[in-house]
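Just the one chain here, laid out as structure tokens, in the form predicted alone.
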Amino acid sequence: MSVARVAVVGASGYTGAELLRILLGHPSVEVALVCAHKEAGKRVSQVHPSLRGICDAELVPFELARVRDAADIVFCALPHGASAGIVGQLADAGLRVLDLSADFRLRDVSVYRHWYGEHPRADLLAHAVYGCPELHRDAIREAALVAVPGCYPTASVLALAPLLARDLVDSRGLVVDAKSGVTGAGRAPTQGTHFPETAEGIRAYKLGGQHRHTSEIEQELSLVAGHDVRITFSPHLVPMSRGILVTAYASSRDGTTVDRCREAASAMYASSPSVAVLEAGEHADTLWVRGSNRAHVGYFVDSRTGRVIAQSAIDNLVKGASGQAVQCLNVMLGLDERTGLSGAAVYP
């Protein structure tokens, strides 16, 4: 089997570190080039000591010609806004790209403008495929540009999509309560994310429809439901490094049971090696998926209030970012989706 040459652009952050950790153990991949701007000139092992003795490649500045000569497929792990221009150059050069920013996840340019501002390469939005293999596997297989989903949307959509696809819940009044580890805020420290501010408390942020991932969740749930869906999204920061736990609430249809919810999820994710449907009565737990590309989904029905409670747990850096990107790469290359991703969670 031939080996794919890949480049990682924006390799100095947590997402870049996780990409390298996974790709360096992937049997069908050669990491041919590692790019970073601020850390250029340093060795990967200096920037990411966890890779000492595993990868001592030099981090180099991004140059299109250099990337084009070295790689066939490029992972771009830059922040939103910084990614679009570079992804545009790579796409124009004929390279296949997996972008981990938010720059190409939204299909509607007016929606992107509302949440992020003007798009520098709006011409590419129609060509980008949303990189959730559980929903868009066939399109990813042929894609030249894959927009890897955000961590909150991954957990939220995986929990709710089966219920909407089978019309087991009312799509009106959906509430998504989500809790994330601090790595979701990136590697650069801020007042709100350094240890004294996060170690002893839990806080909500960007409530009332202010979080940008709201639009991404709504886009994907609307596609599944076949009509416009709106949610109330409430994110929280919790004192742990990794993990996202989503607890979503929906009004149930007559006859909706836990067994029907579980059956719907089992059917939707039957071909996914990443999603496990929990047994009735089991609660999702971020510790069960930590460090893995796994997602655990579970369901409860509160007959007293007429609500379905849908839960999902993922590692925000793996299934919520880098692992999902590699899962998409496997689809693009025609490999088993588990290739390079078969490791169990780090437990406890």
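Computed from a predicted model, the values in this text were never measured in an experiment. Note that residue numbering begins at 1 and tracks the sequence as displayed.
The same protein has a further form, the form predicted in complex with another copy of the chain, not shown here; the description that follows concerns it.
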**Val3, heavy atom within 4.5 angstroms of another copy of the chain in the predicted bound form** = no
**Prompt:** So in the predicted bound form, does any heavy atom of Gly81 sit within 4.5 Å of another copy of the chain?
**Reply:** no
**Item:** Non-hydrogen atom contact Gly208 with another copy of the chain in the predicted bound form at 4.5 angstroms
**Value:** yes
**Item:** another copy of the chain contact at Gly85 in the predicted bound form, heavy atom, 4.5 Å
**Value:** no
**Fill in**
Of 94 to 102, 158 to 166, 229 to 237, 119 to 127, the segment with heavy atoms within 4.5 Å of another copy of the chain in the predicted bound form is residues 229 to 237
**Item:** Heavy atom within 4.5 Å of another copy of the chain in the predicted bound form - the one residue of Thr193, Ser222, Ser272, Gln89 that qualifies
**Value:** Thr193
**Request:** Answer with one of Ala267, Ala139, Val109, Val175: the residue that has a non-hydrogen atom within 4.5 Å of another copy of the chain in the predicted bound form.
**Result:** Val175
**Request:** Residue by residue through 288 to 308, tell me which have a non-hydrogen atom within 4.5 angstroms of another copy of the chain in the predicted bound form.
**Result:** Trp288, Arg290, Gly291, Arg294, His296, Phe300, Val301, Asp302, Arg304, Thr305, Arg307
